[in-house]
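Shown here is one chain on its own, the form predicted on its own, set out as structure tokens.
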């Protein structure tokens, strides 16, 4: 059987003027690869029905499948359904069941449904409707001659859910393949992308199977390992061997797999050790606490935190000595330690985290430049404090500092895991 040619079309003016990055296309391509289907190319179009129609027409001339995202909302600039109906030669029809579902969703939240949402229940004749439990925009799949068009919403969360629940099962049936593709994503922090590349060396050589690539965002690096072939057992074995080699080289920096983030890794350690954490933040302004509260159920392990931006707050709320602030300055190793120890005492938590620094763009000096941050982690074994120099604009420095604070906490807990794994039965370092 000939391998189907697949292309992705993302629509929305925000993709063309730089307001939004097209992360949907990358996620779709990776998911299709996971079921043995390779994407040949991706495209982006604006909010113009003629433009979308022209792009679709060209794609369908050469491809068996076009996966579209965006343009299924209720507003006048959501035009994907109209363009698809035109290219297929099938007029739009109202689907009463979809309309009821949309109305029920508004009623559930005690909100009146605007008339404009009726458009979201319109589909090209003969389309297979892909229901949604996230958002109000159903998707659909429709044939155009010998090709298939699949349309999903552009909101990443809505797209992701529909892709997993409806689209991938549909495509497995429509495009069966004997080709086996397996992938693994390792998540790291505390190493630069260039240092990682040097450390991995030939493992990242082009043309190698399994292939190994990286992607980075605010210091978090994803190592993407992918293997393919017709022998599933060989593919799995090659993937596992490469993962083992990578972990042997950079394992101390690995905090999770897949889409796991640092706050989830910290929450997992807290749960494993039955411990609590409290945060004292100056330059990060609550970012560490905000990241932690992204994790459902974190209230069991995170009683709270203090944003102590001014010196008076540091002294009154957390007991930072006035003489320390005067002699060492608010941005110092000593103050970071006092913050971590003070917040641990105030909340009676097992762990205290303190962050103080200069996020800029003003406020830096020759001795204490913009980007200088001190982070401390206090627990039953003592207090660890480190100095960092971050670069970038204000928000980037604050976010990098918050992530680094979480990683210091994670690494301190991971040391305990390594100690216990040698069979000596040592107590966790946290305690």
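Positions refer to the first chain, counted from 1. Bear in mind that the values here come from a model prediction, so they are computed numbers and not experimental data.
Although it is not shown, the form predicted together with another copy of the chain is what the next lines describe.
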Any chance 30, 287 and 308 all have a heavy atom within 4.5 Å of another copy of the chain in the model of the complex? yes
Flag residue 293 as yes or no: does it have a non-hydrogen atom within 4.5 angstroms of any non-hydrogen atom of another copy of the chain in the model of the complex? yes
Contact with another copy of the chain in the model of the complex for residue 175, defined as at least one heavy atom pair within 4.5 Å: yes or no? no
Would you please decide whether residue 74 lies within 4.5 angstroms of another copy of the chain in the model of the complex, comparing each non-hydrogen atom pair? yes
Using the partner position in the model of the complex, report whether residue 36 sits within 4.5 Å of another copy of the chain, counting heavy atoms only. no
Just give me the single entry in 272, 128, 257, 312 that has a non-hydrogen atom within 4.5 angstroms of another copy of the chain in the model of the complex. 312
Sort through 116 to 124, 328 to 336, 141 to 149, 227 to 235 and report the only stretch with a non-hydrogen atom within 4.5 Å of another copy of the chain in the model of the complex. 116 to 124
What residues, if any, in 19 to 33 have a non-hydrogen atom within 4.5 angstroms of another copy of the chain in the model of the complex? 19, 20, 21, 22, 23, 26, 29, 30
